[in-house]
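Only one chain is given next, in C-alpha cells, and it is the form predicted on its own.
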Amino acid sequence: MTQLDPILMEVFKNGFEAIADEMALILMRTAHSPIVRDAMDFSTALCDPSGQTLAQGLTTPMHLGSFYDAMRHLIAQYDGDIAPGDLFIGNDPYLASGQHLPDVYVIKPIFAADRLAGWAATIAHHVDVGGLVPGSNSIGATEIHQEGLRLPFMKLEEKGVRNRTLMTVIAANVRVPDQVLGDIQGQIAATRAGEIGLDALVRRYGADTVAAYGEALQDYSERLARAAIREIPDGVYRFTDHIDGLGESPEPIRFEVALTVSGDEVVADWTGTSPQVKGGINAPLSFCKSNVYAALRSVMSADVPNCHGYTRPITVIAPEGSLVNAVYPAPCGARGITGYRIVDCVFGALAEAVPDKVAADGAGGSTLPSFGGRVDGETFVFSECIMGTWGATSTHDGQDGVPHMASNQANVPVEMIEADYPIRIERYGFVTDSGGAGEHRGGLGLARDYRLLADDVYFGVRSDKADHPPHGLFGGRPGAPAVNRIASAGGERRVPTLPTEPITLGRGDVFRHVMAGGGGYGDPLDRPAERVLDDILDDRVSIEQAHEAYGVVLTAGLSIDHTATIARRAALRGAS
C-alpha cells in the first residue's frame, strides 16, 4: 500500500478508539468492587502486534502510558508461545513491568487466522491483593514481599482453557475473593469485546490494511506531537516539589525535574529527586514515564491521537534507585501519590514556558482511605479514591469536585458505601475559604467524614498536601492545607498524611478528611470586587477572607463599599 486514504485513516482512528471505549464501558458495568465499578480506577487499551497502543479508553491517564512497557515485557517473555485463545495476567512491577500489586493486567492476544493482529489490554485496581493490610496499600511496607500477591505474566487461559489452579491461588491470597475474581471476570469480558471489535475491522478491511493504517496512525500522532512541542519556547524549565513524608515524624521527600525543550523534542530529567524509600510510595520507571506523558499530552491539541506515537518525542531520565525509578525490592503499593506529584512537577515547570496552558497546583491527587474488618462473620474491605479540586488558570477559577487530570476517576456515591459497608458518611461538601486567593481563585477542597458502625476496623489512608499545600502562580496564594483527624470518645487526634502504622477504629469513631484547596492564579487584589461578593454569597469565601486577602469591604447589607475597597486595596498593595 503506497498511499493511504485520509478519510479511511479517520475511520480507523475512530474505530480503534470506539473499541477501547467499549472495553472500558463493559469493564465498568461488569466489575464487582466499588473502586472499579464506581470510582472507575481502571483503564483499557487496544494495542498493535508489537505492543504499541493504538487507542486508549477514556479512563485513567496515569495508567495509559504504562501499557507499552508491560506489553513489551509480555511479548519478550512469551516469544514463540502466544496462540489464539491465550489470556495473560500479571501485576508485579519487577516481574511484569507493572505499576503496583493492586493494579492487575489482563491482556488478550487477537489473531486473524494464524496471524497476530493486536492485543486487547486492561488494567484494574483491585480492592485487595493480600499483604500486610486490607486494601494492599501499606505505606509502612519496607519491601514488595509485604504488599501482597506477586504475579509475573502468566497464562490465565491457554488456547481457551482456563487455568483454574491459578484462579484458586489468587482467591486464597486475597481478603475478598468474590470481588477480586469478579473484577477479573470483568476484565476478561472487556478483552473479549476488544477481540470482537478488532476482528470486525480485520474481516472488513483485511489484516494488512488494518496494520498499515495502525502504523500510519502512530506516525501521524508523532507528527502532531512534534508540532505541538515546537510551539513551546526552547529552554530548560525547572521545578521542585515535595511529598510531606512518611509517618508521625515526616521528612519531606523531594521531587526535582528539569524539562528541556529543544525544537520538537522534550527531555524530562528527574536527577535530584529523593532516593527510593522504605515505604510504599516508590514508583517504577514505567509509571514515571506514563505520568510525564500524561502531563505533556494535556498541553497538546485534542486532535493528537492518544496512541503510542505521541510519546516518541518525549525522553524520560530517572536515576535508578530514585523514588521515580525504584529497584527491587522497593514497595510500590501507594505509588499513586508519586505519580500525581510527577504530573504536578511537570506542570510547575511548564508554567514558566506556557503560562496560559497550565493551572496552579491542585489538591495533589486523590486521597485513598481504606477500611477492613469482619461483620457478621464476613470479611469486608472498602477503599476509594476521593477527588478533588484544581488550581486556577489564567482565564478561570479552579474547578471544584473534579479529579486530578492524571486520574479521571470518581468518588463512590454515599448511598453505595452505606448500603454495602458498616460506614455512614456524615459530611460531604466543599470547604469555605479553602481555595487559594487570586485574580482567579483556586477550587475549593472537599470534606468527607466517615463514621464506623462496627468494632475492630482497620484504617489506613494515603493523602498529602498538609505540610506543603498547593502553590499558586503569578501572585496567586496557596490553597488551604489538607487535614486528617480521627474523633472518638476520648477526643480528636491528628492523623499523619501518610501513616505507616495501622490504625484500629471502633464503633462510633469518625475519620474526618479535608482535602487541600487549589492554588490561586494572579494577584488577589486584581479580582473584581463583584466576583468576590458572588463568592461570599455562594459560601465559597468568608467576609473575613474577602477583607484580608482580596481587600473587599462590604456594608452591613452585604453590598460592596467601593470607596473603602479602593482604599483597602491601595493599603494592601503598599504594605506588600
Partner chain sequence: MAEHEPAIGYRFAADIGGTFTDIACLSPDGVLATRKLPSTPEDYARAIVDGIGALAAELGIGLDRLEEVLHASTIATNAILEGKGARTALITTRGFRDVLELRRIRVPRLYEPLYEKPAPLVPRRHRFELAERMGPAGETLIPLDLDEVRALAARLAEAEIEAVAVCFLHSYANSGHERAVAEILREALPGRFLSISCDVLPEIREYERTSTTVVNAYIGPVVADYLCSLQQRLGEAGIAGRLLMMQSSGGTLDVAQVIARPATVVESGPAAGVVGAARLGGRSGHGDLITFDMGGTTAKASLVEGGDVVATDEYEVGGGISLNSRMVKGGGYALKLPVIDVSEVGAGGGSIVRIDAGGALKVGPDSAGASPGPACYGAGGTEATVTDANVVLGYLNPDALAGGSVPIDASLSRAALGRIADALGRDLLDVAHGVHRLANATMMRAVKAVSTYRGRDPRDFTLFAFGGNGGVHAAALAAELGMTHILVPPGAGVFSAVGLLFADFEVSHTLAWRHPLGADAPALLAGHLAALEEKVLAEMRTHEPVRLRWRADLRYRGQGFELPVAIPRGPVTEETLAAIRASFEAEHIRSYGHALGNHRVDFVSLRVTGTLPPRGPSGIAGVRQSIAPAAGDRPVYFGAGHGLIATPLIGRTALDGVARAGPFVIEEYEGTTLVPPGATAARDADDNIVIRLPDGGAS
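Residue numbers count along the first chain shown, from 1. Only a predicted model underlies this, so the values are computations on that prediction, with no experimental measurement involved.
Although it is not shown, the form predicted in complex with its partner chain is what the next lines describe.
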query: Contact check for R223, Y310 and G401 against its partner chain in the model of the complex, heavy atom at 4.5 Å; finding: yes
query: Interface segment, criterion being heavy atoms within 4.5 Å of its partner chain in the model of the complex, picked from 504-512, 546-554, 66-74, 33-41; finding: 33-41
query: The unique member of F239, F380, F430, Y78 whose heavy atoms fall within 4.5 Å of its partner chain in the model of the complex; finding: F430
query: Proximity to its partner chain in the model of the complex, single hit among M416, A171, V327, V161 (heavy atom within 4.5 Å); finding: M416
query: Non-hydrogen atom contact H471 with its partner chain in the model of the complex at 4.5 angstroms; finding: no
query: Proximity of M387 to its partner chain in the model of the complex, heavy atoms at 4.5 Å; finding: yes
query: 4.5 Å heavy atom contact, I26 to its partner chain in the model of the complex; finding: yes
query: 4.5 angstroms heavy atom contact with its partner chain in the model of the complex for Q52; finding: no
query: Residues in 195-214 with any heavy atom within 4.5 Å of its partner chain in the model of the complex; finding: R203, R204, Y205
